[in-house]
Ligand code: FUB
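Before any questions on binding or motion, here is one chain by itself as structure tokens, the form predicted on its own.
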Amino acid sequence: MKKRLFSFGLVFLMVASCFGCSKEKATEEVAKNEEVEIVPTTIEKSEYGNPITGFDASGKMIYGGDPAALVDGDTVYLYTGHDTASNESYKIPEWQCYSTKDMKNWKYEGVVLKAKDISWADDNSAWAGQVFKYNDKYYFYTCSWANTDEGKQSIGVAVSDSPLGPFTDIGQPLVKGSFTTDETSTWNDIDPTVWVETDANGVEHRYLAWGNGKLYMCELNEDMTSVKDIDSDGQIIFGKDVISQKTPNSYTEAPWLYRRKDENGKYYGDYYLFYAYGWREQLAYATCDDLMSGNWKFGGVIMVPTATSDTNHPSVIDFNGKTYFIYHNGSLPKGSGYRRVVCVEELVFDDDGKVPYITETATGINGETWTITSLNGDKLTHIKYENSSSDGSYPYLGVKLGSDFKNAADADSLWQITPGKADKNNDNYVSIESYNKPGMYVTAAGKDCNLSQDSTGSASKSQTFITIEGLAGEGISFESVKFKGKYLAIVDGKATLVDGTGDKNDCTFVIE
């Protein structure tokens, strides 16, 4: 490694000479200023973590939310919309897919269906959907603004012989928005989810649920592309064949049906409805023992609003003996509720079947965390705060960063160290991301450092540091990429930038 040597007495020497100061006095002042020896070095970084999507086949960053996962044999397929909005409005022209065989290494599989290929749909409203495998065919249940139905959102379905498509739409909505006559908005009919199982009497049931503000439920015929006529009277009637259910507490949208399995793969216990709760959207769940009755019992809120997105959307799957909770946030640069990305946490049910609180994390199921403590014993910590339900509180910028904050939790002192955002191929570059506030990074802001989201996509340099051998002769120091010659430090409990000529213990850290 090359060493960079900076003499902070050199400038004084030059000035002293210009003004006729004595050589002896200048030499004395130089001696008081030690050289800061800069030796770039590398440290361990988290190779895996959240988000699990956010890239295309070439590695280029792309956005996409409303996750829906499908387990098919030894593979998980993950479907999302493709967010292409440049401003604060939805623009989602297509659905894309990722796959994995180990929940760690994800492959971008490309676009599987475009909204423009659905004859009745708006070209830029590829909203939330779910793919379900049935009798060796794959059924993609979608929702879109319907050009043929008073401009209302409607539920559709497209069919394929492969989980990767191409999917072919059936040519008309499966459920038109105008059919659900108790509508309170033109977007009540969104976010379809499917559940199929055989009951104790050997009768197979194929359930479809959906809705924003309203929760609708029906059964499907064996063709999976038409609504079942429950009493065989030759008519599909709203209120009989399609039920508007009493919604659980603060139900907003994004329903996902799920049921647990025993060690033999047999379903047991209550049905779970995971859903988006309130606004900004939290995630919650409810349970019932019969899907069509809709007698939902509220289970509780399990995830607060994310630090970077106003919406959220759950997907829950079992794979290789574990249960996974999949959701979205806006943790990529310039991310928001209109430019989303998918994350995952492991879900472990309590012994009584209750769903415990799930923390949104930067590490997910495979990442690593570290603590960063100065040689003076100050542990790098962000101030404790709860993500707000008020849109006006976002984006979070300039969050206090330092040490010894009153009431700070242990998790507020955990960090994921990632390849540097300014140049991920430079081994000496790192970025420091909050463990429990994903998308929030240690940010150099002139004299000070804070915790901020890169809400404009322009903070890569201010959120990247060069790792160098500790200025105190041990440990690690972090030089700002944006402010060269300035080092992350904790002084009097506050995160700041220093020039390295003071107490070097302030800007030298032990990473554990």
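Residues carry their position along the shown sequence, with the first being 1. Since this is a predicted model, take the numbers as computed values, not measurements.
Not pictured, yet referred to below: the form predicted in complex with this ligand.
Student: Consider A254 of the chain shown here, and say whether it contacts this ligand in the predicted bound form, taking contact as heavy atoms within 4.5 Å.
Tutor: Contact check for A254: yes, within 4.5 Å of this ligand in the predicted bound form.
Student: Can you tell me if R339 lies within 4.5 angstroms of this ligand in the predicted bound form, counting non-hydrogen atoms only?
Tutor: Close contact is absent here: in the predicted bound form, R339 is far from this ligand, nothing within 4.5 Å, heavy atoms only.
Student: Can you work out whether Y207 and this ligand are in contact in the predicted bound form, taking contact to mean some heavy atom pair no more than 4.5 Å apart?
Tutor: Y207: no, not in contact with this ligand in the predicted bound form.
Student: Looking at the partner-bound form in the predicted bound form, is W106 within 4.5 Å of this ligand by any heavy atom?
Tutor: No, W106 is distant from the partner.
Student: Within 4.5 Å, heavy atoms only, which of W127, W370, Y396, F179 is in contact with this ligand in the predicted bound form?
Tutor: Checked against the cut-off, the match is W127.
Student: Between the options I190, L273, A362, I118, which residue brings a heavy atom to within 4.5 Å of this ligand in the predicted bound form?
Tutor: By the 4.5 Å heavy-atom cutoff, the listed residue in contact is I190.
Student: Mind telling me which stretch in 433 to 441, 239 to 247, 190 to 198, 375 to 383 gets its heavy atoms within 4.5 Å of this ligand in the predicted bound form?
Tutor: Checking each option against the 4.5 Å cut-off leaves 190 to 198.
Student: Can you name the residues of 87 to 106 that have a heavy atom within 4.5 Å of this ligand in the predicted bound form?
Tutor: The stretch 87 to 106, when checked against this ligand in the predicted bound form, contributes Y90, I92 at the 4.5 Å heavy-atom cut-off.
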